[in-house]
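There is one chain below, alone, in structure tokens, taken in the form predicted on its own.
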């Protein structure tokens, strides 16, 4: 029996009128101007839900082909409603979470033998060999989950599941999902309508098709990786079936699921519109990833064309739309945001999930802005390396000629480098807003200097007051002044 249609049932959490509520997919699109944003604590859920909405829009609207088309929708204040209604009516039967022949994003005939707990769908929940991140649920006390949460978890899993061993239905291991190891870039506006407009990249239907426009997958399609599709096409990638899943309905919720392989991706020359790429030493373009050790902004320069990187198409599209609106006088102060969303993984283990928020000023990808951003980031890294050397000098002065491991551990225990980067985490968004404007370099030089001096002041307090400590501080201060003087010489 068909049940829980995702177009109508409430399952997408949104902020509207100051309140968080759940809406169906159809309402999210048709009333997007009334909705402030998708509101979820999970950065993975935020990215996956936006990709689903964007896939529907691209197919329903058959575009956009040019920025002027997006600009016209902006002026109208809403999407073309009838094409969206007609499209959703055409595929309404494919959006049931439970369906005998075509359950949404699932495989109807996956056998129920050896079911897995539904919590395997979410990396933040304890399941199998997942480390516990934010949850203390165990498989022994697994609670039943409602249909809305199960649907969101399914979407997250298909978008972010890492690769690794599978050993089901003739498949020993499987590749990761499209965003398993990449950061997703989501430009944001003042409401959901603007956010979706910013992320609509130039699109032609071509051979692309989302999952609900193709025949439903069956177990025989997935056994032994029988079905292989090229990993290309905007909406195909946004709705990629990374794994075969069948949620097992208990009448009023879900506790277990049937599980198996998904479609085997064929590598082709295609760039995910939400992903940034950098060039490695061999000239290959690799997706930019998030890191446990540092905030994403420190890698911001790696994706820029000046270093042969490639910014995400969504940021290009937003930048182009902001420029168009400014030229048309439609939005004289178009300051918007940029969210960097994703997970940090070590092979199949998820170590962290991140949401980093930055401003997105107009012309952030202009040549002038790029020319200033690259050197600014390089100077920050150079001073950071200098402070790391300073910390090691202090360790040697305090401990003498100890073992390298002991010296390194002492140096790492000092707050110097850690506080320096922490201060710059707070200053970088302001640099981004000033980028390309007069005084942006001077602002950043002062931010670097202030961050280094504040970190040094905290290190002085933490080090101690013995004779060897005071001697170390004297030598350290001389090196710090030398590092800052080098900065001043570069500035001049």
Partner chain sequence: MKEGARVFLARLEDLKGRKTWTPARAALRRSLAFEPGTYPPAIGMVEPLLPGEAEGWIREAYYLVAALYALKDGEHREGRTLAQALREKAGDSASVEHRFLALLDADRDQIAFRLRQSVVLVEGGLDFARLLEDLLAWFSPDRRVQARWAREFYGVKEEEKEEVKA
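Positions refer to the first chain, counted from 1. If you're wondering where the values come from, they're calculated on a predicted model, not measured in any experiment.
The form predicted together with its partner chain is left out here; the points below concern that form.
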> Is there a heavy atom of residue 33 no more than 4.5 Å from a heavy atom of its partner chain in the predicted bound form?
Replying inline: no
> Any of the heavy atoms of residue 477 lying within 4.5 Å of its partner chain in the predicted bound form?
Replying inline: yes
> Does at least one non-hydrogen atom of residue 456 fall within 4.5 angstroms of its partner chain in the predicted bound form?
Replying inline: yes
>> Taking its partner chain as it sits in the predicted bound form, is residue 62 near enough to touch it, meaning that at least one heavy atom pair lies within 4.5 angstroms?
In response: no
> So which of 434, 37, 441, 460 gets a non-hydrogen atom within 4.5 Å of its partner chain in the predicted bound form?
Replying inline: 460
> Using a 4.5 Å heavy atom cut-off, are 466, 470 and 481 all in contact with its partner chain in the predicted bound form?
Replying inline: yes
> Residues in which of 419-427, 49-57, 65-73, 448-456 have heavy atoms within 4.5 Å of its partner chain in the predicted bound form?
Replying inline: 448-456
